[in-house]
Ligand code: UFG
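The chain below stands alone and is given in structure tokens; this is the form predicted alone.
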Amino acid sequence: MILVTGGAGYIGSHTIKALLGRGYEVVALDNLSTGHREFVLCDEFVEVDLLDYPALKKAFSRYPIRSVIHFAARTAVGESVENPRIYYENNVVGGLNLLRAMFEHGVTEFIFSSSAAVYGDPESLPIPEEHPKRPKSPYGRTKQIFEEILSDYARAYGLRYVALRYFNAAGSDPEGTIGEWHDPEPHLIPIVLEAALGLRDHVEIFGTDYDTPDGTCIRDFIHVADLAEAHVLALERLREGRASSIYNLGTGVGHSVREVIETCKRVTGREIPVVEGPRRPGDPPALVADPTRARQELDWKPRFTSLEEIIATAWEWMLRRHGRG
């Protein structure tokens, strides 16, 4: 059985759907602070906070867990700058509790939800896994710290792991079963689509003076279903006996904030009011993945290769969620 922490969240719920489609038995664990119980598609669910170690131990005692896929973490860069304490507690201390419970129950297979935020300002693009790690936010530092913990635990205790460094997760389940739903919404594409739907007065662009072609930040947007598939492939490679490793997950193509807004206009056929604002602390000017290693070693091939396709799935989900579809 596979334990998926953060299983009621955005990427966790999509990964559970992918695992179930492959015939795996899954138990979801989530504290429901930001996730949605209705997004948990597996039969087994445990409401537990990773900081509650006794409750976490009970979950491991109750189920025959063989592998863990770990999503449960706080993920907002801006919030981490304003309130770093909760990021170190949730992302580092909570993760250590999870590893402790795993080892007490003989579980050694671990897939970690990491982030491109570990890189900071890139020296060159696209970014390979060997790029220096200089995170600009407490959020990014928690991911870097936990990657280093995994490496140390692998050497000392026999942990076998894969860390997956996402670039910008986007889109929604193509079948419309689940989708992206945060409150408040921190991600660019759903924010822009909420403005298109009239749920926001405007979209604010944070910084228009970056050293990029149009002055706005550039990001590599990867569809959430493709991210979910990568987690399944990573787990299967571990079970084949492959060595622990780290992979970038992205398309290798960057799109600016202005480009995303224009594409949303085309997909929705609606005007989207824009307000230009100052930069946010912790935002690198450009992040674009070099996904070569994942493609070669995991045989991972993203299905959604265009920004229009990704945004179209997000738009269909948003229309359905708000009763406009």
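All residue numbers are counted from 1 along the displayed sequence. In this text, all values refer to a predicted model and were calculated from it rather than measured experimentally.
Beyond what is shown, the protein has a form predicted in complex with the named molecule; the following relates to that form.
**Student:** Assess the spot marked by Ser115, Asn168 and Asp283: is the named molecule within 4.5 Å of a heavy atom from every one of these residues in the predicted bound form?
**Tutor:** Checking in the predicted bound form: Ser115, Asn168 and Asp283 are all within 4.5 Å of the named molecule.
**Student:** Quick one: which of 81-89, 213-221, 241-249, 97-105 gets within 4.5 Å of the named molecule in the predicted bound form, going by heavy atoms?
**Tutor:** Of the options given, it is 213-221.
**Student:** Is there a non-hydrogen atom of Arg237 within 4.5 angstroms of a non-hydrogen atom of the named molecule in the predicted bound form?
**Tutor:** Arg237: no, not in contact with the named molecule in the predicted bound form.
**Student:** Is it the case that Thr75, even though its partner is missing from this view, gets within 4.5 Å of the named molecule in the predicted bound form, heavy atoms only?
**Tutor:** Because a heavy atom of Thr75 falls inside 4.5 Å of the named molecule in the predicted bound form, the answer is yes.
**Student:** Using heavy atoms and a 4.5 Å limit, would one call Val68 a contact residue for the named molecule in the predicted bound form?
**Tutor:** Flag for Val68 set to no.
**Student:** With a 4.5 Å heavy atom cut-off, would you call Leu298 a contact of the named molecule in the predicted bound form?
**Tutor:** Although the named molecule is absent here, Leu298 would stay clear of it in the predicted bound form, with no heavy atoms inside 4.5 Å.
**Student:** Using a 4.5 Å heavy atom cut-off, which residue among Val27, Leu287, Val267, Leu41 comes into contact with the named molecule in the predicted bound form?
**Tutor:** The residue from Val27, Leu287, Val267, Leu41 that makes the contact is Leu287.
**Student:** Could you check which residue among Val232, Ile191, Leu164, Ala225 gets a heavy atom within 4.5 Å of the named molecule in the predicted bound form?
**Tutor:** When the named molecule is considered in the predicted bound form, the option within 4.5 Å is Ile191.
**Student:** What are the residues of 204-222, in order along the chain, with a heavy atom within 4.5 Å of the named molecule in the predicted bound form?
**Tutor:** Counting only heavy atoms within 4.5 Å of the named molecule in the predicted bound form, the contacting residues of 204-222 are Glu204, Ile205, Phe206, Cys217, Arg219.
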